[in-house]
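In the structure tokens that follow, the same protein chain appears in two forms, which are kept apart as structure 1 and structure 2.
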Structure 1
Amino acid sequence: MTQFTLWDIFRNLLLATRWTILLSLVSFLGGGILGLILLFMRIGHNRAAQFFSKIYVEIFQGTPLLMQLFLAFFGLGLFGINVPAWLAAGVALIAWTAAFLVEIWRGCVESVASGQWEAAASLGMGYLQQMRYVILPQALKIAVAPTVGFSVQVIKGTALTSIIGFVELSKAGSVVTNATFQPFTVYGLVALLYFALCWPLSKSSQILERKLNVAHRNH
């Protein structure tokens, strides 16, 4: 049996971390775009669109991400195509991310005081103008901290894609463990790598939120 040095283990894990980062970015961006569409459906005036957006969130927040991954993997397979793991992983994570971002952003839009809508309306602005020039700029500022905070959940969520066979950090952890028989070291290192990715984002989110609260208190 070949001897693995700590560096060998770490190097392999580090290489796999690229895929965790890439998948996180894709999920976050894709989820953001889909989330924005769902957000406008939710806060718009069309009842059917509102309902759809609501049900969407209900389903994707009410079921395990792992199940969503399985369903994407086997569901896409029903179309007769051979689904690569990365595709199913991307699709499921985007759908899941969107469901959480809509709710976060909706909260931000609703936290803008109703007097702002009224002031804008009394100046003759239409719904879209009120939204575009008065509400969204304020909601956006409030949304930054929780959105950054949620990116941590996305990164952690990518770990589940190892279960449908996408080779990222967690999968690499299992593979390396099977080769080295050093689960304590390997999973410890895997955890540290995730921590290195997530912690700076968590901290920035906290700092941003504190800044915003201080700014608000000055009003």
Structure 2
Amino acid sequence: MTQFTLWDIFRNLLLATRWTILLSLVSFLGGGILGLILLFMRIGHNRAAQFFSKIYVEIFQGTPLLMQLFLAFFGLGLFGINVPAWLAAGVALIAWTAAFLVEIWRGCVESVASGQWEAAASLGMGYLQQMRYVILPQALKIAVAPTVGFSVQVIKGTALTSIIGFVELSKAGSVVTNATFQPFTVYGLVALLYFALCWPLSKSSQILERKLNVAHRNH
């Protein structure tokens, strides 16, 4: 029987971590772009766009990510379309991430004092100019910390993609465990790698929140 050293186990898990990082980046960037579009729909003056954005958020926040992954992977299969696991994982996580980011950012925009809108309007600025030059720069400072903090949830969410066959860190942990019969060692290393990914982001979010809050109060 093949003997696996601690380094062999760690190396295999480290290789799978690359896919966790890549999927997290794709999900966060893609979700950010989609979330920004939905944000402008939500805070705009078009009632139909507002309604669509609101329903989108309620659907994706109100249903489990696991179910969304199943629908993305198996749903198109009902029509004879073969969807690769990586594509289904990316699409589901982008859609899920966008639903949360749009609400984080909407709260940040709405936290800007109403007097800022009035001051911008008194200068003759249109809606887009108000958003670009007055509201969004202030909302951005408020949004940085919770946005960075939410990236931790995206990384953790990638673990669920193992259920549809995408080989990321948690799936690799299961495969390596079946090969080595050392579940405590393997899952201990998996937990350590997740901690190494998530802890710096959590700490950064706390530091940014403190710094930006102090700057906001001083201002």
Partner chain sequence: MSYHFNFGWLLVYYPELLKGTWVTIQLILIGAVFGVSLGVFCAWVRALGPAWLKPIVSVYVELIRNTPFLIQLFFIFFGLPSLGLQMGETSAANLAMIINLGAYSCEIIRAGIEATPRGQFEAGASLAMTRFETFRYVVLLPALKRIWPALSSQIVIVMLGSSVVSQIAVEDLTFAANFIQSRSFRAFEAYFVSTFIYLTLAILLRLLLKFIGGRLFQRKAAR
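All residue numbers here refer to structure 1's sequence, counted from 1. Computed from a predicted structure; not experimentally measured. By rigid core we mean the largest C-alpha set that fits within 1.5 Å across both forms.
Shown as structure 2 is the form predicted on its own, with the alternative form given as structure 1. Core-superposed comparison between structure 1 and structure 2: CA of G115 displaced by less than 2 Å.
In the rigid-core superposition between structure 1 and structure 2, residue position G80 carries a C-alpha shift of 2.6 Å.
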